[in-house]
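Presented as structure tokens, the chain that follows is alone, the form predicted alone.
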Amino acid sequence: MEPRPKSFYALSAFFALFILFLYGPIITIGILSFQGPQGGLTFPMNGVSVHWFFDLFEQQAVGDIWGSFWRSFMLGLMVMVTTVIVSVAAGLAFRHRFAGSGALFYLTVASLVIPSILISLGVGLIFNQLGLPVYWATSGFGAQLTWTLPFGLLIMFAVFNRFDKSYEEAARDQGATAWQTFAHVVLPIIAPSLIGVALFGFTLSYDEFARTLLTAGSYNTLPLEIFGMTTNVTTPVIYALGTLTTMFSFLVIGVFFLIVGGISRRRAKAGSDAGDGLV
């Protein structure tokens, strides 16, 4: 067995540092959230307990933790559904060139390179100038779509660029309408990618801070609430909240992976059944 080159160990050390930098803060917060009742915000820990997790479910002196959580959750669902629908529709539209398609594409993805705080400021100003209330479900919703829609559109572009149009042609040859072709041929094939777009839409919305800062109005989303708590809360309850929200994020990701796995298994079983039928 040939000895590994020195570059292997250098790159391995760099990767280990990257993992530590990525997950170190999460692990630190998770550990500190199990401080004892008299624990503080820093090491060394003063006892070990789940006191601060129970404290989360009691009336807090400052903030509206659970109200902000539900607002973030509902906003995430709204953004997720809208992102999926618009991304699929745009992906289908951009399969054929049309007048202004290039300009429209660049205008769409331009919001990715504009500083998020400027997007938030601009949307908030527009709503104020139009006399519309600045609210998380209206202006906040619109500001977050400027973040999620470009990602969804780019994913669908990649999907449809690899899509084999012969499947659609075969369906039309069998007399299927345009809607039947989409519902029974296109949609099942791109379903795993749609799950990915949905996951992007929900997670990007759920933890978005900058684009919601000036567009949420007087009702905070969870990231804004946590930011406000950092200046008021002096107990590990904020770490317990961070641990729970991180666990919730991993739970959401796990559910999406289970859905994708279920789709893949169903597709594999359908292919196996079709193969048995041809034998």
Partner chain sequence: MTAETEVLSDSHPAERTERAPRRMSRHVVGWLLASPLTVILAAFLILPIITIVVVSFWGATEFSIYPAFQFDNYEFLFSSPVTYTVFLNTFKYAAITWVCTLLIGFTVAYFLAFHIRSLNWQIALFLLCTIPFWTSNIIRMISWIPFLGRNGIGNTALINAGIIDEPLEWLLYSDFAVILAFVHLYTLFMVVPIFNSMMRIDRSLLEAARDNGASGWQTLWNVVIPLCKPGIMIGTIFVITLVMGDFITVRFMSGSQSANVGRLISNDIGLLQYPSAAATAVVLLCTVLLVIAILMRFVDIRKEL
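Numbering follows the first chain given and starts at 1. Since the model is a prediction, treat every value here as computed from it, not as a measurement. Note that the rigid core is defined as the largest set of C-alphas that superpose within 1.5 Å between two forms.
Separately, the form predicted together with the partner chain exists; it is not shown, and the next lines address it.
K.L.:
Even though the partner chain is not shown here, does F98 get within 4.5 Å of it in the model of the complex, heavy atoms only?
P.N.:
Heavy-atom contact with the partner chain at 4.5 Å: present for F98.
K.L.:
Given that the partner chain is not shown alongside this chain, does P115 nevertheless sit within 4.5 Å of it in the model of the complex, heavy atom to heavy atom?
P.N.:
Heavy-atom contact with the partner chain at 4.5 Å: present for P115.
K.L.:
Heavy atoms within 4.5 Å of the partner chain in the model of the complex: does S12 have any?
P.N.:
Within the cut-off, so yes.
K.L.:
Should G122 be classed as touching the partner chain in the model of the complex when contacts are defined as heavy atoms within 4.5 Å?
P.N.:
G122: contacts the partner chain in the model of the complex.
K.L.:
Counting only heavy atoms and a 4.5 Å cut-off, does the partner chain in the model of the complex sit next to every one of G36, I263 and A268?
P.N.:
Not one of the three qualifies.
K.L.:
If we check the partner chain in the model of the complex, which of the residues in 33-56 reach within 4.5 angstroms of it by a non-hydrogen atom?
P.N.:
Residues within 4.5 Å: L41, T42, F43.
K.L.:
Is S12 displaced by at least 2 Å at its C-alpha between the shown form and the other one when the rigid core is overlaid?
P.N.:
Yes, because once the rigid core is superposed, the C-alpha of S12 moves 2 Å or more between the shown form and the other one.
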